[in-house]
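Have a look below at one chain only, the form predicted alone, in structure tokens format.
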Amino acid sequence: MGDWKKTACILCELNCGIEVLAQDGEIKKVRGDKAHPASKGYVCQKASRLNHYHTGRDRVTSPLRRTKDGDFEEISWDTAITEIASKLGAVKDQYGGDKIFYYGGGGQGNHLPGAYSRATLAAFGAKYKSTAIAQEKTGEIFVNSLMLGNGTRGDFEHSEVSIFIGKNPWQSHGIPRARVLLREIHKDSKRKMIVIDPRVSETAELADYHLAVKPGTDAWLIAALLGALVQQDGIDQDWVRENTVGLDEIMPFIASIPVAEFAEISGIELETIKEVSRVIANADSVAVFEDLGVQMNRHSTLVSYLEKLIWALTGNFGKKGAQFVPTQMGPVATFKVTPQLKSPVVGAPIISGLVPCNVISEEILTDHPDRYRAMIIESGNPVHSVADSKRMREALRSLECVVVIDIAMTETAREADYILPTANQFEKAEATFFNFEFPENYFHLRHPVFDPPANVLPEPEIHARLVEAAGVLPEGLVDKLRSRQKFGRLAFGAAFQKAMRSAPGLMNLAPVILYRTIGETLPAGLKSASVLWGSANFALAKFGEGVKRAVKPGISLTPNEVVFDKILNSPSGFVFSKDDYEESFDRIRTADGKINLVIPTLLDELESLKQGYQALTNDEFPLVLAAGERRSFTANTIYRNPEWRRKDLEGALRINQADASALGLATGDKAQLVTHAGSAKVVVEVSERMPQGNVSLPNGQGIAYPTDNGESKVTGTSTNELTGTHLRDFIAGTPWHKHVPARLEAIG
């Protein structure tokens, strides 16, 4: 009959707790896990199709090496590890380890590889890296770093006013039990919801105020809201004077905002902007969530700044229903701006340790002596997910060695020299560090549900073998630490810390050392969780009192051992910290412990908005393409089998009725979509959700997947065959995927 086993959904950052009916190696049914601390039994329709991920027909089940004719051949693990270590070592010896570039480190719900990759990078001297975060979040991270030195989230569970900017949580979630919570807010007459989005999204339909901003003018709209707040005395002067610095310096910029002019540019009525600003000013609490609709759009970093000025100037921080700073089980981002950190060829700013994705190909396709010469790509698919796929394929083909660590024959894997197959997310221990709840935060280590194929390895084992092949581990160290384990973890911990202090840089190899020591003592299937012993120490060091309130120390165990044991023995996850709202103030990491309101570069950009809006569209490209819309049956490339979609199999191009009529198009027709970067045939869907002049394509399409007879078939349109790397934010380098000039041509 099969067994119900606890795990989590892997399709978005929420990673809702689920139970799956495992039978005959497949997921037969999915239901919400009521014991999960955050999702509490909630699950959306996408999770019910997870067997399509688990049973993918394009799995790689043996190490592969590219042959001279461009095909792949199976090789042994010993051969793969030896050859890869030799080739990466040769790059290090000839050009320097910093010419080895790393991309990935874990997809949604798949974060443990990132922890272990650190050891491999250290072993070969690699310095530069990037992830999907650099596609989306580094502009906001830049602003948070300078304003607070930390990251913030919104308490939508209790907020009187909820603001979603370029965010459609009905489809993309981002908050626990999203659809339940959105309905609760919608039905409560004492609460208000404000949505800023050009489209009539599902969330916008529930909003009290849908500000249908003209595509690409979000900065003018939010600046107008900020200006209206000042003009209508909406600033909480006492709170701001006590908790922030820089008000007098930024006030001339805000006071001089031409609100009426900016309102006209944004397409929103002036009186509506004034009314919304009054709603924000008069609310007891306001929570704000910005997302990809603005983070992958024009003026994205400026929008992040203006949005944060709104909640800061109205005193919506460190209290119930407002913005807060969550605890963490491990660092998700680095909130420190180091201006001198630049990419070696382009000189692009490196934010949170990440090279902007849009410059990766530029860093490779050059004769510059500091260009990258090799890449390790893990649980990532940059050929599909990064702007200008053609250019990325060309870049990978020009490298001396490309190693892909993944479960499937992805678009990126097809360009690799070596493919190292790993267990999927239901065949290994796995976790996510995207836990942002407050005042109670949780952590969830997922246990394996199935056994992996015989000849694949979990990522920690792959990294351990690469590190060992590099010959960088001190001789006898692992054996010495293993001998201390018989005296208990306390004795092991003391020996481990002493060893880490004994040699510079050894801490970078710690994940592999823990894997080879503590890992061998853990319950079956949980060896990969050994790195979380360090995470327990991190959480206690950073958030000690909150962690101790949630996880009371035992009589014979130290607090970190109690936390580690809870990690290992809580199949539904557990609450690891309990905080007071005011503790967010203690987590401000600025020099004076106050919120810094002044970011000069962005104030200059705010001032530049007065020059007016300069359209990117023209007679040749009159439409704005939003590339990567979230829909009911779209997800990222975790789902490779298109059969998972119950509807909209091809991922139709959504278009306004007026635009469709002008082109003689109707729903179901085919058309040619053209941009500066490329063109693609699309299926048209006329939609009332779309504003005139704006078209959209969903994310996760254009995947080459084998049919039943083994032939490869591409379903839908890969949006990054149509995007270019030149359209990007001038600070963070984040792409303007939501604002791509385009035209549409009817096909016969």
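What you see is a predicted model; the values in this text were computed from it and never measured. Throughout, we count residues from 1 along the sequence that is shown.
Keep in mind the form predicted in complex with a small molecule is missing from the figure; the text below concerns it.
Interface residue among 149, 166, 546, 519 relative to the small molecule in the model of the complex, by the heavy atom within 4.5 Å criterion: 166. Checking 314, 159, 171, 584 for any heavy atom within 4.5 Å of the small molecule in the model of the complex turns up a single hit: 171. Not one of 455, 642 and 717 is positioned with any heavy atom within 4.5 Å of the small molecule in the model of the complex. Between 630 to 638, 237 to 245, 121 to 129, 569 to 577, the stretch whose residues reach within 4.5 angstroms of the small molecule in the model of the complex through a non-hydrogen atom is 630 to 638. At least one heavy atom of residue 428 is located within 4.5 Å of the small molecule in the model of the complex. The closest heavy atom approach of residue 406 to the small molecule in the model of the complex falls within 4.5 Å.
At a distance threshold of 4.5 angstroms between non-hydrogen atoms, residue 292 is in contact with the small molecule in the model of the complex.
The small molecule is not shown here, but in the model of the complex it comes within 4.5 Å of a heavy atom of residue 218.
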